[in-house]
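Two separate entries follow, structure 1 and structure 2, each one form of the same protein chain as structure tokens.
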Structure 1
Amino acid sequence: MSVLELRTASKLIPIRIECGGMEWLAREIESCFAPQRPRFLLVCDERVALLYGKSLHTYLESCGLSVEFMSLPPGESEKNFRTLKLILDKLAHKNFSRKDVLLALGGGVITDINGFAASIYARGIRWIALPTTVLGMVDASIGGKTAINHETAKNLIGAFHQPECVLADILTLKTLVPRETRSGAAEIVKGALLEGGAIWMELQDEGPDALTWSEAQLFAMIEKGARAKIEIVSRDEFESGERMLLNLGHTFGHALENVAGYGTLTHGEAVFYGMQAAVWLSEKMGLMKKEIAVALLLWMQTLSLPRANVTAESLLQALPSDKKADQGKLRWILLSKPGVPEIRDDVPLELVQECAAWLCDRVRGGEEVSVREHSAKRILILHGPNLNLLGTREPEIYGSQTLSDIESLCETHAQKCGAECLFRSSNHEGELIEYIQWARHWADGIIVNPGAYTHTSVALRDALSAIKLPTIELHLSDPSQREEYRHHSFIRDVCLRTVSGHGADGYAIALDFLLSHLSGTLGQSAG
């Protein structure tokens, strides 16, 4: 565990980074408030809900804590008044008080919007940041800056509201798509350029692309990046002076995010572009020697960034709305060299216009981003009611293998096929429906054994029909050879195929068929 501390004038915020899993997070949350027993609202987006949210909820309740749960649509475009109201409504309708606690599990969007909700609900309640992304661990969760976006500018409406603590489970990074890992490194690069010294020398050797770093290097860089931000925030909590330096790359970066359309460029990608603009301006303003600027730009350009269709005119129009403007003057964070930053408000308009044109050429010349953000096919394997009793439940019909045995066999088969499986199970219809809905943000396909809900659940059918992911219906036994009431399936005609009567082997058959369908080689599929 890495145990860091952010000490401000008003409080001490522990920051813990660990490879511990959701059980570790639950224990840490419980210990933070022992012997108190406040109520908790756990909030995450739907992708994180599928991967970690429900699991953390279960662990928290197993600790004897009272926890409400809610999921939000994912994405930067959701960081708005409407989503903020959903959180506030949940807190109000469940009668949360100032003694209670909001838990923000996710990346920068979830951290920002939930921290802001905590700052204004009941004139301020406690909250904990539980970051699940590189960006969240290095930047968004540290420092207490919380906000939502306005149509004119990113993070325009917000407040300073420090969390009680920051608990980061490094294991959650394993499910990040490569683009998000690479994007999150922008804040590490920013910190190294501001600090200089050893962290810059190390990063200069490794390059700006986090996908080329080893796992150990990534973890070490996250800790170093977090330390760099802690040092600055501890000296200037409310951004009255030195903390403004953390806006390196953000002036043009925020404008780029806005005019490209939220979601076109990630925050980190826009900041990477914005840091290039800062180097360009630094050289043109005579602060940075040309040879240093050329070397820095070449180093940054070893990282491939996505393309966006933006114009200099739209970029310039977005700049005056940036919240960092002071009495009509934009503050620019420039550099003489790595480790020697400077805050300037005297950059001539003509130079800003020239820089905007230069930057737009770069952005329009970026790389095409693949629609597919991950390489391995992702399959959600969903188990319905009473399947948790496998191994003891009517073995003459369902076999002697436990649900854990079946999942291990599926995992082994999926690895051989180059696929990634996620297993979820529930005895509750509504929870199964939530898993199906959330799967649309993560999975490429679904294998579902609905158990008895096969014959009763119109709602399950509607969920599968709504998300339009290719789905295989699976049964260990053959319902058509059993009692008459088991002959009808409500979901069969919204699935690609039904695999039944093969016992545990049916999962491999279903997985092969689904992967063949997804790869376009259906004629070569098994069984």
Structure 2
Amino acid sequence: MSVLELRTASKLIPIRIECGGMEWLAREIESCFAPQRPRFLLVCDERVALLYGKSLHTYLESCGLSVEFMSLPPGESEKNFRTLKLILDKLAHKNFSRKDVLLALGGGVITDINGFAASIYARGIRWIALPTTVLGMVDASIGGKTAINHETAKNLIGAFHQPECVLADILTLKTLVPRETRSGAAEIVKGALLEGGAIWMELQDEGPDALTWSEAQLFAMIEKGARAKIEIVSRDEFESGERMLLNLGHTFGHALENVAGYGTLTHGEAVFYGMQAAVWLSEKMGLMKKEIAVALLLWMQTLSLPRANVTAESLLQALPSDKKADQGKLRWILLSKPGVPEIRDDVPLELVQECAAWLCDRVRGGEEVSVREHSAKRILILHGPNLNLLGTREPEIYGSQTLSDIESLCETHAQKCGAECLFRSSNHEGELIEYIQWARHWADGIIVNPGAYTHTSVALRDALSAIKLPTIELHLSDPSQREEYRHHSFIRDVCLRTVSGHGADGYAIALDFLLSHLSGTLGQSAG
């Protein structure tokens, strides 16, 4: 899709953004280091491990690479010394040397913390950023700023350490929860406000809410945003001048994120609020005309942001010490209009206090976080044990289509119905349960073919019962016409309906039923 390059004084960093999949990532990683064959440590958070990490690990090993794997708890609150030590311990206990490579697969938290681990382990080892969030692709993985948080301030402990390359698989964005997609767009909006040209014009029409953009628009925005960041970093790698502009919205944003408690507001949401504060200050400082400020604030407020209970006093106390200019004054990025930013250290304290109070009113009056706000219905289609053998496994019972044939059929049918499907399969009961638990954050409904676990797994039933998503039980054959031990289903009564005996056609039947149920054109009755 896009091959970009960041050229710094000492290094050329390829940045590839592609609809590639995990197999593509594995091949790219292999080809980056083809003659050298270093060892790799692949690190991701637990959510990304489930969705992508384990399969990337398998693909990398199938390329003949030597790869250690570790997953970390997800979230901003984990971007700390304890997690950093876990990574360093793993590198040390597995005898990684300076010629080896760290692979960071995930959002900005994972690339920040692993980039930092790579910068200090053995006085610096190589690393690759594999961003899987909008924010990661457009911003965090580009430019070599790495860090962990300190209790007093965000990103306080860190280093500049450029990755060898950035490989962004756009397909991973499909599984982001709407809140993360929307919040990642904060850095796109920031870039557009700084640029003030074509990107800003386009964004002005589309609005700041990435959930209202089409998939193609989102991808195009990511590419443009990444390009804009590359340009700034290539002119000022170590943030001695122009790169400071990228802190627009981050002075109050970082304070807000910290004071609200990491995880209450995402980084992007806090930056959205911080940009409103920057516009407010710009106007009060006489830099921005009132009508521009009013229009910008109105435009920004078309995006609903979650609320947090913060006070002006705590916000002021948390203003980041790393944003202080030489004389101990805070440094602000202000705008006279989109495209004309300015770095200022002369904002009077009284004005900062007033702005903190104004911002707190907004943040306290935000909205309840709504978890599902996407328009297309999202269906997780889950396959249990031995279904990976479809096509070769007893075709007289299960048919001759492979699992990927079935997935293509479902995909085509789902597209016709305006739905989005995600397919996952596993031979392991625990992994199926993890997918079901994850689905509560992402899916509107589930179609599950649990294979033989249907007849044995109380745990699977408990998972479905706990998450309460509308679910269809599906079987290619009709278990009631087969051996007696297949007659009992532990999950039947926690599902809306069982579809069995229709072979691969059963998926379209199940999808139609589930989508009708979700659109309210069917009653709740199980059948």
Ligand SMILES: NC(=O)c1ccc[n+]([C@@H]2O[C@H](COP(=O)([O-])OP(=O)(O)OC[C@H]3O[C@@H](n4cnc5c(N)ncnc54)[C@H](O)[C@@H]3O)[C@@H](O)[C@H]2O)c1
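The term rigid core refers to the most C-alpha atoms you can superpose between the two forms while keeping them within 1.5 Å. Each residue is numbered by where it sits in the sequence of structure 1, with counting from 1. Computed from a predicted model, the values in this text were never measured in an experiment.
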Structure holding the form predicted in complex with the named molecule is number 2
Verify the C-alpha shift of H267 between structures 1 and 2: is it 2 Å or more after superposing the core?
no
Can we say the CA of W438 moves by at least 2 Å between structures 1 and 2 when the core is superposed?
yes
Determine whether the C-alpha of L390 shifts by 2 Å or more between structures 1 and 2 once the rigid core is superposed.
yes
Could you check how much the CA of S425 shifts between structures 1 and 2 after a rigid core fit, in angstrom?
6.3
